[in-house]
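Here you get one chain, nothing else, as structure tokens; it is the form predicted on its own.
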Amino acid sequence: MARQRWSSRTVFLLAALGSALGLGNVWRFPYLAGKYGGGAFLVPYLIALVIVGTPLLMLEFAVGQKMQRGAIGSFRRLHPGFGGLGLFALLTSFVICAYYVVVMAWCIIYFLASFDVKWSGDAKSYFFQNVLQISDSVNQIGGINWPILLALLVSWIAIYFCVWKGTKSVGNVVMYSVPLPVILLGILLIRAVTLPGFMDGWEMYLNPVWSALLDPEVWTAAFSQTFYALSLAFGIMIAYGSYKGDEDDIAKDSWITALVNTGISLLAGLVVFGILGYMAGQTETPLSELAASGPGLAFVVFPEALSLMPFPGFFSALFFVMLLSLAIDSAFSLVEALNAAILDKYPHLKLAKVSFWVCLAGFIAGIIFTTRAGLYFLDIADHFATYYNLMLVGIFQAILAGWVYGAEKLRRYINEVSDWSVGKWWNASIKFVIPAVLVALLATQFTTDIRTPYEGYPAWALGIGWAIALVPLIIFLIFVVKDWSSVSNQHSLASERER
């Protein structure tokens, strides 16, 4: 079967942007900027974007495009002993996709509730009691939350029809789903600047507090955000790169994806803080308290702010359509990464059938997150998958490309096919900067989690989290030993034949 191809460069860029853009653009980036020095946060963030985020994105595009395989096949072609690294990335993607789509299900429920603004008056109780029906602790799993389960099923059906024809169906979807949230953000921005108090929000968001740059935590947050913002170490960008022609531009596409993603994050911050500035004045709540809500920003604070505005139903519906359009592109890109690897191994299988079974497996895996303790399990899975698995995959793939395969060899390929030349600084970033930064982030997080059990969860629940991190790592190491032994045996046989 001939490899799938993007119908145009524009479609590829929209697909890559759709994967990179997600719910984190709306709450995580603005939240971090507000917490860590406002406009000053942009300094470490842009530095991280240049020396870590974009080089690693370039690496993943280049590996996929050159090797014309998904994550497993591409890593194996870089070196036969590293096929298990692709499996590590894809197992992580599967776990993340399983709970990410549950958040998408919440968005569906909120969209349906937005016309009556059902959370008006007490958005916090609506989210935790009405939508999540949350239990008192992770020890009380409770039964299935049927509305969320039904919304989850709808979400997976939508994802299936996004990917069932591969690049053809994905291309048709991203032509609308990627521009849509940007347009809706623009509409919400226009509404925000008509609200009293919006300048107070913008001042907190953009006013630089230069002293914040002396805090190591600010730099850690900036590098972490850059890593997550570009969908790195999931295997997604490798799969998407493999659907390009092997002579297509890499450097320019990487910079466009990284910079447009950053621009949309900045735009989202203007919208979020403009409306929070209005809410702070209406409720006499300190703006800093509202901005520090983290993930709750999207489902508690922002809905409450929307309920205080004129025409709350209309703007609430716009907001949750925007979240859904951001979420679905990220969700189906995770499925695409899995599909690519399976079809590389079993090219005789039909894409629609592979997509069906991957989506069904994702739906089943997500059921645990639809229980009344689902939010606790989601929190644990997200913490360990993002702070350990993605970091480890990022470290190993930088070592593989930079040291085992050769950064200079890969850089020469990038320059052969790109209009924009990449200098030798890229080699240093891949070989030294990225592994050093990610090891530092990983060590910091590990030390914190050992000293203080994450969020005070019981040992059995944290055991699930550690299993999410350690099981794929152990599988990867087993494959490394097995594959390297096989490579050594082949070399030995070849040497004996030569004698």
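Residue numbers here begin at 1 and follow the sequence given. Source: prediction; values computed, not measured.
The discussion below concerns the form predicted in complex with a small molecule, not included here.
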- Query: Looking at the partner-bound form in the predicted complex, is residue 119 within 4.5 Å of the small molecule by any heavy atom?
  - Reply: no
- May I ask you to check whether residue 219 falls inside a 4.5 Å heavy atom distance of the small molecule in the predicted complex? no
- Query: Going by a heavy atom distance of 4.5 Å, is residue 239 a contact of the small molecule in the predicted complex?
  - Reply: no
- Query: Any of the heavy atoms of residue 162 lying within 4.5 Å of the small molecule in the predicted complex?
  - Reply: no
- Pick from 387, 396, 126, 228: which residue has any heavy atom within 4.5 angstroms of the small molecule in the predicted complex? 228
- Task: Scan 291, 268, 178, 334 and let me know which has any heavy atom within 4.5 Å of the small molecule in the predicted complex.
- Result: 334
- Contact stretch among 439 to 447, 46 to 54, 23 to 31, 62 to 70 - heavy atom within 4.5 Å of the small molecule in the predicted complex: 23 to 31
